[in-house]
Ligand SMILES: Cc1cc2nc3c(=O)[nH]c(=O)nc-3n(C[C@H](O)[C@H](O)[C@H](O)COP(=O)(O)OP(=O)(O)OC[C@H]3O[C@@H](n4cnc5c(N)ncnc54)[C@H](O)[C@@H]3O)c2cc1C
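So this first bit is one chain, no partners, the form predicted alone, shown in structure tokens.
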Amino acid sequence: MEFKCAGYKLINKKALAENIYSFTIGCPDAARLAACGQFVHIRVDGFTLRRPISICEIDRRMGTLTIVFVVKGHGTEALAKLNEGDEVDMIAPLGNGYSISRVPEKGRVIVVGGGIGVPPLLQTAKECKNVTAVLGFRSYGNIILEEKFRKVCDNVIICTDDGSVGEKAIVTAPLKRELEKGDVSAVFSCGPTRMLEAVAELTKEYGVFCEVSLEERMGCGVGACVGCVARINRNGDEKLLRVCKDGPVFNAEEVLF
């Protein structure tokens, strides 16, 4: 796994929703190496541990990576205070992403995201064909990136917990409906653990290849500290694998939720 570690310029900053920000970072060397489903590790002044954030978009021509994160602690609160032109101390790209090269030419791809698990699926959708996106949010005020998904997907289904937009349902309801139609070659998912478990069960039931992106607290981000392990059943043996280095994307059938 090749990655870069340097200070990069924050080119564009946007507030997408309450406490949710988008950063576009100029990093040609890292953008050249990046793949959908990988993440970056950012050092925030005043904090010992870096913050892992999924890659939302990759623009290799412009040499940029775009990340989207939610403010949920002091570290991300400090990160959100950076402004355009400031330097971002970043290691990137890290981890293993989605296996889009395994997707057959024929058949549909479904990306299933929940909340802040939606951003890493945007680049995934861009790099696949015949894509349906199933995106779940708490309410209207939490919806992010909908317009961008609509530009690159053949179909976008929005679910909200309160029914304020789209379907009043959890993402597994429309996912089941889409799987019943058939002709699905792969499902890629990212979101809360309970959602990922439900997606894994559904895709197994319908015999569809599925990968899920896991989230764990990380220390080093490069596999040295072994602080972010997940229980994986691989070839009949239960293993503790590192989410940062062996993941964050795993075959859904292997994950022991």
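Computed from a predicted model, the values in this text were never measured in an experiment. Sequential numbering from 1, following the sequence displayed.
The same protein has a further form, the form predicted in complex with the ligand, not shown here; the description that follows concerns it.
S.K.: Using a 4.5 Å heavy atom cut-off, state whether R60 contacts the ligand in the model of the complex.
M.R.: Outside the cut-off, so no.
S.K.: Please run the contact check for K168 against the ligand in the model of the complex: heavy atoms, 4.5 angstroms, yes or no?
M.R.: No, no contact at 4.5 Å.
S.K.: Does the 4.5 Å heavy atom contact test between F209 and the ligand in the model of the complex come out positive?
M.R.: No, no contact at 4.5 Å.
S.K.: Considering non-hydrogen atoms and a 4.5 Å limit, does the ligand approach S54 in the model of the complex?
M.R.: It does: once the ligand is placed as it appears in the model of the complex, S54 has a heavy atom within 4.5 Å of it.
S.K.: May I ask you to choose, among G141, G85, G182, G73, the residue with a heavy atom within 4.5 Å of the ligand in the model of the complex?
M.R.: By the 4.5 Å criterion, the partner-contacting residue is G73.
S.K.: For the heavy atom contacts within 4.5 Å of the ligand in the model of the complex, list the residues of 198-236 involved, in sequence order.
M.R.: Contacting residues: L214, E215, E216, R217, M218.
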